[in-house]
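A single chain comes next, written as structure tokens; it is the form predicted on its own.
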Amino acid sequence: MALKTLDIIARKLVERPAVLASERAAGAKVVGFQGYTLPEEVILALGLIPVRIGLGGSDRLVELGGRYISTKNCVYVRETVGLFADNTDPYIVNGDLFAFDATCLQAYRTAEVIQYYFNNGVIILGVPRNFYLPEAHTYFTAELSNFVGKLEAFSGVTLTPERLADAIKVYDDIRTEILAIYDYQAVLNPVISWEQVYDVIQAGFVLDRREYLDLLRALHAELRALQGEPVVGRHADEARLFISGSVIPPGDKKLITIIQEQGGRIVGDDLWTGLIPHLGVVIAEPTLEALAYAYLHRTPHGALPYLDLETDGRIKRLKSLIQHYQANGVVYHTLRYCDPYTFKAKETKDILEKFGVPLLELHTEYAGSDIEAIRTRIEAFIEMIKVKAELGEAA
């Protein structure tokens, strides 16, 4: 059964570039941003239009970006630079200022490159590496205050508690709706797939945030009318897969398509272009101190070091999500030269094996040359999971 709200979202995405250009012509300013620990709330609170930039899956743009930034950077970073070099993407063309955080140091380098070669206005939010220490909160609050000061100067608007509280409410409600909708793709006989929910999440990267919230509420109501309250469950012989690891941005469908072609069912993810940014963000009050604390204390990004595996919030969250969505296998996807996630692959696999969940590590990029190799490995992995499930040995 077709979901009407998905059709509306698809239409809004097609219309968005023209709408954005019209808003800019009327005097609005657009901030394109990229990062994991960047509180988008402050952009909206200052009357600016936030747009998350970045695409995947284009070998042409990767090659173009590689003319400006080292080819030892991951393909996502090179494609981001390629978007600026190509200068046809509507969200780059309509950007008035570009903001990055330093969670991933490759993204930090991206900011330097686009400022140097393409003369774009760029601001950077510093992120502490030892994010779990008390000193990190002091540092990050100061960095966020400096970051907001630059946005205030750019927008001509002063951030007030009232403005910030309003923006926080919008994003809190978005996070609540996304989490509620996400459960529907994991039920026994869903009317919406994980891929469709993932696309809905990524639609929020560029759509007007208040309009996006209304669309999420409409989609949630439509799903509830069709299926009631979602109850996660699985069929006995199902290969329910959870995707972890490097970013899978809009435009990068290679892995998703292969998994589905081989009979696997994706039921969850902890990608920073998917569900994970919407979990665990608890902003106690409309202050920069509370905002900084909330972003530092949600699920940590894989690029941030955490040596104590027993208390690593990323691993803890991963296990919790696998259990909740009843996944019986993990596809751990790493982009070539995405070193933090690559280095953490083995420790993640070892921990999950103790948890009773097998992990398949795939190392890839955007070229199509490895499609057959990936297909063969995924096919074998899915077959193994299905055999285990049929024998009653699945985790």
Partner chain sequence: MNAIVSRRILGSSISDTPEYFRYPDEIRDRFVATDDIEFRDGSRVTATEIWDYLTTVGPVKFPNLYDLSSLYGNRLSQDVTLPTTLKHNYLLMTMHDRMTRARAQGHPIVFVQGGQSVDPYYAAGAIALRPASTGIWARRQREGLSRNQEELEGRADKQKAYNAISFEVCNSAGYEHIQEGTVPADMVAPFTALRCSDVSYGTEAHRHGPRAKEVKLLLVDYPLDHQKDKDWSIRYFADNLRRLTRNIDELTGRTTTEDDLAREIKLHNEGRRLSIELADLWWSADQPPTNGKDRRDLFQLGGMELHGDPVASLSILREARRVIEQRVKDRHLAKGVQKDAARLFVCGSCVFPNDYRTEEAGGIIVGNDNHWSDITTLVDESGEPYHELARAVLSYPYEQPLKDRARWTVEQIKKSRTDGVLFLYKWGCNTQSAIARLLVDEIKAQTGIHTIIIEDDMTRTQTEQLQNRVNAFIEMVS
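Numbering follows the first chain given and starts at 1. Keep in mind that this is a model prediction, so the values were computed, not measured.
What comes next is about the form predicted together with its partner chain, which is not displayed.
Student: Considering its partner chain in the predicted complex, which of 357, 69, 61, 362 comes within 4.5 Å of it through any heavy atom?
Tutor: If I apply the 4.5 Å criterion carefully, the residue I get is 69.
Student: Exactly one residue in 162, 214, 237, 112 has a non-hydrogen atom within 4.5 Å of its partner chain in the predicted complex; which is it?
Tutor: Looking at 162, 214, 237, 112 one by one, just 112 meets the 4.5 Å heavy-atom criterion.
Student: Closest heavy atom of residue 232 to its partner chain in the predicted complex, within 4.5 Å or not?
Tutor: No, residue 232 is distant from the partner.
Student: Would residue 305 count as touching its partner chain in the predicted complex under a 4.5 Å heavy atom rule?
Tutor: Heavy-atom contact with its partner chain at 4.5 Å: present for residue 305.
Student: Consider residue 339 of the chain shown here, and say whether it contacts its partner chain in the predicted complex, taking contact as heavy atoms within 4.5 Å.
Tutor: Flag for residue 339 set to yes.
Student: Whether residue 143 contacts its partner chain in the predicted complex should be assessed with a 4.5 Å heavy atom distance threshold; does it?
Tutor: Although its partner chain is absent here, residue 143 would touch it in the predicted complex, with heavy atoms inside 4.5 Å.
Student: Residues 16, 23 and 249 are flagged as a possible site; in the predicted complex, is every one of them within 4.5 Å of its partner chain by some non-hydrogen atom?
Tutor: No, because 16, 23 and 249 lack any heavy atom that approaches its partner chain to within 4.5 Å in the predicted complex.
Student: When its partner chain is placed as it is in the predicted complex, which of 189 to 197, 167 to 175, 135 to 143, 273 to 281 ends up with heavy atoms within 4.5 Å of it?
Tutor: Of the options, only 135 to 143 has residues within 4.5 Å of the partner.
Student: Suppose contact means any heavy atom within 4.5 Å; which members of 107 to 138 contact its partner chain in the predicted complex?
Tutor: Contacts from 107 to 138: 108, 109, 112, 113, 116, 117, 124, 126, 128, 129, 130, 133, 135, 136.
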